[in-house]
Structures are given as C-alpha cells and as structure tokens.
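Take a look at this single chain, the form predicted on its own, given in structure tokens.
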C-alpha cells in the first residue's frame, strides 16, 4: 500500500528536555493507525509537528510521497489537507454549526459571507456523517458527542484526507462512541487516513488496523492489531507488565466508623434525594453514564455548588448552611475535579506552587512564605509519585495529563486531607500512570484516609472499590456492597435506570 504519512528521524527539543528522539515510522493510506504510549511519551508533540503547530524541529515529514514543512496549522489545513480533532472540542457556542465548521474559511459572495452556500455545504457533510443536527442549529444546544461530530465535519469541509483524533471518546457516552466508530469506518472506506490517539485499549482493538508505540520520546515498534494481544500492547507501551485493569493489591482497611454521611441531598434539576455513607479507610466507587449527576453530587458535598435540600454530616457533625470550598478544605475534605485543565491547577503557576497552594500555612517562616520549604515539599512528592520530568519549576500546564494529575494529588496529600473525592481520576491517563494512581489510592486508605472515586470506566470502579453506588438521571439506582455482586450487566442495568 501507498504511504500517507512518513516520519523520518524526527527530533524535537524544548528547553532542557529532548522530547522526540529520532522518530521514524510510516502510516498507510486509508488505515486507522493508533499512536500509543504513556503520558509524556511524545504523542501530542509528534502530532503537533505533523499539523504545523511546532514548525521548529529536526527531521523530515513526508505526505503521500512528497516532503512537507508547514509553517503553521492553517498551512497544514490548506496546503496539506490534514486536520486535527482535539480532545477538548474547540467551538464558539454562540455561533451556529455552519459558522463553526467554516470558521475562518467561510464561502463568500462578493465581500459578504454566503450563508445559503455555507449551510447547504455543511448540511451535505452532516448528512454524510448521519448527524441528527443541522448547519443552522446553535452549537450551545449540542451534546459532547455532537460537538465531536462537528469537529470531524470541520475536517471534511477542508477536504482533509488525513485526520488525527486525539482522545476523541473522552467525553462521549457509549452510544455516541458507537456512532463515532461508524463514522470512522465510513471515512476509512472512502480512503481517508485516520491517526487515532487513545488510552482506552478496548477502542484500539475495535477500530484500529495498526499501532505505533512511543516510549520516553523514542519509537519502539509498529504492531498489527489483529495479531496482537492486550498484554503485548501494554508491555510495548510501558516496557514492563502492568495490570491495565484496576485491582486491589492489599486487603481493604475499611472500618465501621462513618466519616461522611449524605442524607436526602438534592440540588434542583441536577440530582435528587441522594443518601449514602462513607467509612474510614474505604474506597467508595460511584458509577453512572455521562449526565447521571455524579459530578454534581460531589461538587455539592465539597461546597462548590449549592444544595436545595438534605444534609451532609462530616464526622457526625452537620455542615452549616454557609458551607463552601474554603470550609471544606479546613475540615480535611478535598476534590480532584474531572476537568483538571480548567479546575485542577493554576495554569500560570509552576509545579511547586500548584502543590503548595492548598496548604500555604505549612510553608510559613514568620510572616512570609518560605520558598525553600515549598521546594522541598514538591520534590518529596515528585519522588514519591514518580513524576516526569523531575522539574518542580516546570509550569504544570506543560506536563502530560497523567503527570498533571499526580501534581494535583500532591497538592491534596500536602494538605493532609482526610477525605478525598476523585472525579474521573484516570481520564486521559495512560496504563502505567493509572497503575501508579491506584497504588497511591491504596496507600492513602492504608494511612487512614477515606476516598470516593467517581468514574465512567467500569473496570476501574469494579477493580478499585470496596463498595459501589450506581446513579442514573440524578438518582441512586443501585448499591453493591460485595465484590461478588460486581457483574457488568447488572451494573449497566442500574446505570440505564433499571432496578
């Protein structure tokens, strides 16, 4: 088969870090080609070189047999016919679907935008993708899955014959994921080449033909998915055997002491009549499909959102009506949010400051914050959690997703939080970092802390939880108190509202 993309001896350096080292491999025309590796392996950097985001690099990129060197992302779209669908779908919610798809490349009639042509062109693409929405619809009314389809429609509007998808299913429901896979198969049949980045290995086996593996900025190998096992894939990615599915390595230290009690808690349309208890030393799992109300429950307990009814008790004491996040922090309650990029850390601060921000009183010398104490604290957690690169002075936003998550964990561990809520703790995190996070969770409960883990990944909550609560449409529909009851079909039945 002809080659759509060839990377020849690609090197990329950032100050103090050699990110990509002599990367060479090729992608065939009309295949779905996975790009795999741990967080920080260099996948995003390589895609950014391909798409003209990083024009400064060493080596050669060849598209359809011709050497290219794009000066920016627009150059790649216009002259390379290649588009990238980002993990966080980039849309302007106040505009229509048609305006978003054509943004910056609108068809013109004289000096003005030709709206009739714009809408008919975009509607033709949406019809081809089997979308249920139209070019005239407002983007603000679309679901996450529909916004992902909009991003693909944008790529097709530019007649892209190479499309890269970066964690495309991260915010999608199971039904939306199935719809996306149908579109990918259709594009493949039309000869479009797809580069697919995902940490969900089951997706790789479902949709991809081959996978190229990166590890620590180096190319390892390209595997034929049909002839590869899950274990071989993981071993190639991390260089060692890692249990990809969460599992407890130590006996549960759960006691009968109740540290958190939620009693008939409600919050308007978000959730209603939610009651449960969390025990000392317990990992309590919360499962549900997107929109079940799990995140809203946790934000209300933490004081980020207001309740409309019910009560929360911490160590037997009822929380007052003016409960907020500051009071939660002082009471030893922490929240690792689902959206770490916008809510998890300060974008313009380095790792040291992001780890110290919730426990500043620990680093005081007299009236002033002692930078040396903060540095020592950050260095301790970097070592403890195996954060890469070992640069406490790095901006957290420049770290990979898994390492950002470890920095956020370091903050709550520094604050000596007794009860920690994890909302989608391993979203966009590779298998090795997942194993590391699960190990940290077990260490935390062994040291007397209590955890709530909210996750959309069924193997994760089944593997890590002592007890499992399932929500659907703002209500608790099931509670499983014994690992023997953890059956996928049973859990999914509860999650779609069954009894």
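From a predicted model like this one, the values you see are computed outputs, not experimental measurements. Residue numbers count along the first chain shown, from 1.
Omitted here: the form predicted together with a small molecule. The next part is about that form.
- Think of it this way: in the model of the complex, the small molecule has a heavy atom of just one of 285, 410, 425, 401 within 4.5 Å, and the residue is 401.
- Using a 4.5 angstroms limit between non-hydrogen atoms, residue 491 is distant from the small molecule in the model of the complex.
- Residue contact check for residue 52: none of its heavy atoms lie within 4.5 Å of the small molecule in the model of the complex.
- The closest heavy atom approach of residue 434 to the small molecule in the model of the complex falls outside 4.5 Å.
- Taking the partner from the other structure, the small molecule in the model of the complex has no heavy atom within 4.5 Å of any heavy atom of residue 374.
- Stretch 386-394 is the answer when you ask which of 175-183, 386-394, 364-372, 135-143 has residues with heavy atoms within 4.5 Å of the small molecule in the model of the complex.
- For the marked spot (453, 481 and 486), a heavy atom within 4.5 Å of the small molecule in the model of the complex is absent from each of the three residues.
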